[in-house]
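Just the one chain here, laid out as C-alpha cells, in the form predicted alone.
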C-alpha cells in the first residue's frame, strides 16, 4: 500500500514537468531553427543545406548586414533610444501617478482611474490619423517640435514624437500596475517618515520605491520590449530611413515582388532579440521576487 502511494505521489510530481516539457518543445525548436537558419544558405527543416540541396551550406553571408549596411547601426541606435526613452518615461510617470492614486484621496480620483481604463481599451490603429494631426501641429512649435538633440524633437518624423505617442498609449497600463503595487505596501513606515518630517516626494523616492523594485522591473521590461519591438507607430510616423527603427528595417527586407531571403531575416531577427535578452538577464532577479514587493497594509 505504501509503495502504491509512493508511486502515485511521484507521478503527481513528475506529470506537470512532463506536460511542461512537451509544451515547451515547439518553442525551443523555433529558436533552434532561427539559430541554424542564420548560419545556413538554406534549411530543410532543422538541417542546413547548400544551394544543391546537400547537407552543409554553412555561411556568414546572412550576417553581412552588420558590416556592409551602415544603416543597421543607425536604426539600432534609434530603436535603443526609443526603448530607453519609453522605459524611463513610463516608469517615472506611472510611479508618480500610481503613488498619488494609491495614497492620496482627491476629487475625481475614481473618475480618473476609470478614464485610464477606457484609454487603454482603444487600440493604437484607431488613433493613427488623429495622432498624425497632433504630431504635425507639434512640429510647428519652435525647438519642441524639431531641434532637440538625439531624439530630434516631439513632432512628426522624429524619434521623440514616436516616444511621446507610445508613452501616452503605455501609461494607462503602467499607472494601474504601479497603483496595484503601492496598494500592497504597508502604511507603517510611510506614516513614521511623514511624522518625522519627510515630504511626500522624499517618502516616495527613499522609502516606497525601494519596496516595489519587482514591479518597477516588470514595468521596465514590458516598456523596453514594447519600444524595442514596436513596428506600426514608427513605421507610420517616421518617413526618414535614417530615423527609422530596426523593426521597420526588418520589414524593408520583405517584398511582395522580389524573392525573400528568410535566412537573412532570421539573422536580423536574432540580432534584434539580443538586447532584449541582455535586458532580461539583468532584471530577472527582481522579476523572480515579484511577489515579495511588500505586505498588505491598511488604508
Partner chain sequence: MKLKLENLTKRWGAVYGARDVNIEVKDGEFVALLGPSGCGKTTTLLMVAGIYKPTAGVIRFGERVMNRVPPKNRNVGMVFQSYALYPHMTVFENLVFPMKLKRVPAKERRERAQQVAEMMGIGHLMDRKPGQLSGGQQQRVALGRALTKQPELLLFDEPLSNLDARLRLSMRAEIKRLQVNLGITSIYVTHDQVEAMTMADRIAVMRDGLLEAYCPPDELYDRPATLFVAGFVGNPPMNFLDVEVTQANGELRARCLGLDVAVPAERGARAAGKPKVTLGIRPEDLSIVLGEPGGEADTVVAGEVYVVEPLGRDDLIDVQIGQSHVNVLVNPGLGLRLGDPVRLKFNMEKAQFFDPETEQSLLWR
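Worth saying up front: this structure is predicted, and the values here are computed from it rather than measured. Numbering follows the first chain given and starts at 1. In this text, rigid core is short for the largest set of C-alphas that superpose within 1.5 Å between two forms.
The same protein also exists as the form predicted in complex with its partner chain; that form is not shown, yet it is the one meant from here on.
The shortest heavy atom separation between residue 140 and its partner chain in the predicted bound form exceeds 4.5 Å.
Contact annotation: residue 71 falls outside 4.5 Å of its partner chain in the predicted bound form, judged by heavy atom distances. Its partner chain is not drawn, but in the predicted bound form it has a heavy atom within 4.5 Å of residue 211. Shown alone here, residue 207 lies within 4.5 Å of its partner chain in the predicted bound form, counting heavy atoms only. Taking a 4.5 Å heavy atom cutoff to its partner chain in the predicted bound form, the contacting residues in 193 to 216 are 193, 194, 195, 196, 197, 198, 199, 202, 206, 207, 210, 211. After superposition on the rigid core, displacement of the C-alpha of residue 104 between the shown form and the other one stays below 2 Å.
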